[in-house]
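Presented as structure tokens, the chain that follows is alone, the form predicted alone.
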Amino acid sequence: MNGQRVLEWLNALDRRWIFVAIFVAVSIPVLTQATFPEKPTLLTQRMFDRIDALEPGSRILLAFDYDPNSAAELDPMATAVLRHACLKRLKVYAVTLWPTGAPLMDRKLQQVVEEEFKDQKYEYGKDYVNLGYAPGEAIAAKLLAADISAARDSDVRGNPLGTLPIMEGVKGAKDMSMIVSLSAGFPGLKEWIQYAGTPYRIPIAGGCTGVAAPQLYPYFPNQMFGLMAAIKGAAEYEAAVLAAYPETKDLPVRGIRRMGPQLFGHRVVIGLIVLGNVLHFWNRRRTGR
């Protein structure tokens, strides 16, 4: 088949073959569990380096500001940051500004802190605490920064905050080393920057969905020291943790695994765009229009 006949065959090809091509491209890495090397970009590497430089026992407020609709992108970020915090023996204060984020936060603390690090004596109330859902949206972020008891007087288990050893010497997030918000929209990372980070000079980083990333880039580096954008950012952070802590190589890395289908799918789409343009100009030349 010469080039002319190939172009004629492609020109008449049923468009449903495009759907088949995408399906095959995405299915192969899913079925084979193929993974590919990830190199952290500047924003992700800065975030990892800053957290990795914290001394053991440093305090970090981790906000799970998302719901199940965004969990596919943000759950791997939560796992990677929480795992990193446990490896560094940081004190973790988990909270959410989203009512639908509370069950996701419970599950993530259980999966990472209570299962992956069950042999590390990571004790609830002393090394980590679940503050639960803080109502009030952006105002809650401001209250949590200044005085946690103004937003929450007990943890999710009903323990008065004043009875927990982890709360000794802590009035608000302003007494912590940093805030990390995993954000799917409002209220989220942007509100933490505006109502907590900037007024109280608390270092802030976070993760966000792909569509939200362009709105957050302008805050880097003056008001936000790092950002994980979409599942790519999660995969980059997982790669950074793996490089620094090779003992975690057997733990799940869902961000890296999800990059395989995305990589294959994008390559097919790019190929189809190129092919479509070739056919377009060939048709113009052939018809004289």
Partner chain sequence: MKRFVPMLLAAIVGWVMVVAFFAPPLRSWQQTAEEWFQVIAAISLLYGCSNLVLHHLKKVSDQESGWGYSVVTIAAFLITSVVGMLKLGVSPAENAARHPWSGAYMEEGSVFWWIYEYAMSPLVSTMFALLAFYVASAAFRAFRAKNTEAIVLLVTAFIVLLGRTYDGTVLTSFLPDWLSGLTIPGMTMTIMSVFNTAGQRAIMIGIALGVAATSLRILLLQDRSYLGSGD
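Throughout, rigid core stands for the largest set of C-alpha atoms superposing within 1.5 Å between the two forms. Note that the structure is a prediction, hence the values are computed from the model and not measured. Numbering follows the first chain given and starts at 1.
Absent from the display: the form predicted together with the partner chain. The rest refers to it.
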item: Thr100: touches the partner chain in the model of the complex, heavy atom cutoff 4.5 angstroms; value: yes
item: The partner chain contact at Pro68 in the model of the complex, heavy atom, 4.5 Å; value: yes
item: The partner chain contact in the model of the complex: Leu31, any heavy atom under 4.5 Å; value: no
item: Partner contact for Ala230 in the model of the complex: the partner chain, 4.5 angstroms, heavy atom; value: yes
item: The single option of Leu131, Met178, Val92, Leu143 touching the partner chain in the model of the complex, heavy atom within 4.5 Å; value: Leu143
item: In the model of the complex: members of 24-49 within 4.5 Å of the partner chain, any heavy atom; value: Phe36, Pro37, Leu42, Leu43
item: Cα displacement of Leu54 between the shown form and the other one reaching 2 Å, rigid core superposed; value: no
item: C-alpha of Val26 off by 2 Å or more between the shown form and the other one on rigid core; value: yes
